[in-house]
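Presented below, as structure tokens, is a lone chain in the form predicted on its own.
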């Protein structure tokens, strides 16, 4: 549904997006992650036909955004980072105004359906100026859906929302995916990306990683066991470091918390626990040490920089 090949955008001597090649399948949510200035918003604007690439190509559904921007506008829904409304108009009037830009839709029916979908039907005749930030964001998503597009580009959809409003909006986005819509989400929120997206694309002008959240973590995770002891024991730690399958041992919290890197976690964890018990260690907890997506993301960005 969305495909780019060597998509590039330059502003003078500065390259905002560098040879981006990515493909997003029908019914898939892909997260676009990267630091400020990484090219996320520029990528979305090129896909939406708002700006033309300097080189490379893109396809959004059946259309080339650079050559057929009007057709792309008809076929996708775009949520910008800071959606604007006519504050003195009602929710219904705002949506009706934007719905009239699309051909071959019943404006009144489309507005009612979209407001109902976002849980705003009972506020249809209230001025937008009276809406909270969360309600305005729901109204923005209602506007995105007013012409029933199958492809959605969402730029920071939960930015500035309180936790409850952000959770509700994420649930709505998941529901849209389950209807078979293809969604590209630009976000700084790693927890949000992990919960929403089947795959994550990390960009820093160019694409530096693309995979599922689990695969990104696993590819850069070490085999390590976290062991919490009742009390620290320096002699025990020294003995563990002599084991042939132990690669490294980190000690914190007064030597009561051990992070033991091993060769093969499934094979070596039982041997490690048995040896700690033999040495008189009193174990409170044993767990696999896994790196968070945030740690992996920060490593990727730093290494690329």
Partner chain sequence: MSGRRIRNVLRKEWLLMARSPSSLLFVAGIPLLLIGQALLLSWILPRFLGVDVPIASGMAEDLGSIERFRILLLDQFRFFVLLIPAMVANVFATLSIVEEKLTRTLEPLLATPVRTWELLLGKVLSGAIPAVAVAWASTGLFVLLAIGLGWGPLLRSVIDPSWHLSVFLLTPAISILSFVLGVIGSSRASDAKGAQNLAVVVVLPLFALIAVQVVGWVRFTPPLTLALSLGIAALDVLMLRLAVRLFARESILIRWR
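All values reported here derive from a predicted model rather than from experimental measurement. Positions refer to the first chain, counted from 1.
This protein has a second form, the form predicted together with its partner chain, left out of what is shown; the following refers to that one.
Contact with its partner chain in the model of the complex, judged by any heavy atom within 4.5 Å, is made by just one of 214, 89, 230, 174: 89. Taking 50, 261, 239, 30 one by one, only a single residue has any non-hydrogen atom within 4.5 Å of its partner chain in the model of the complex, and it is 50. Annotated contact segment (heavy atom within 4.5 Å of its partner chain in the model of the complex): 78-86, selected among 78-86, 113-121, 187-195, 201-209. By the criterion of a heavy atom within 4.5 Å, residue 143 is counted among the residues contacting its partner chain in the model of the complex. Its partner chain in the model of the complex is not approached by residue 168, whose heavy atoms all lie more than 4.5 angstroms from it.
Within this chain, residue 225 is remote from the site of its partner chain in the model of the complex, having no heavy atom within 4.5 Å.
Although the partner is absent here, residue 100 lies within 4.5 Å of its partner chain in the model of the complex, judged by heavy atoms. The candidate site formed by 9, 73 and 107 is fully in contact with its partner chain in the model of the complex, as each residue has a non-hydrogen atom within 4.5 angstroms of it.
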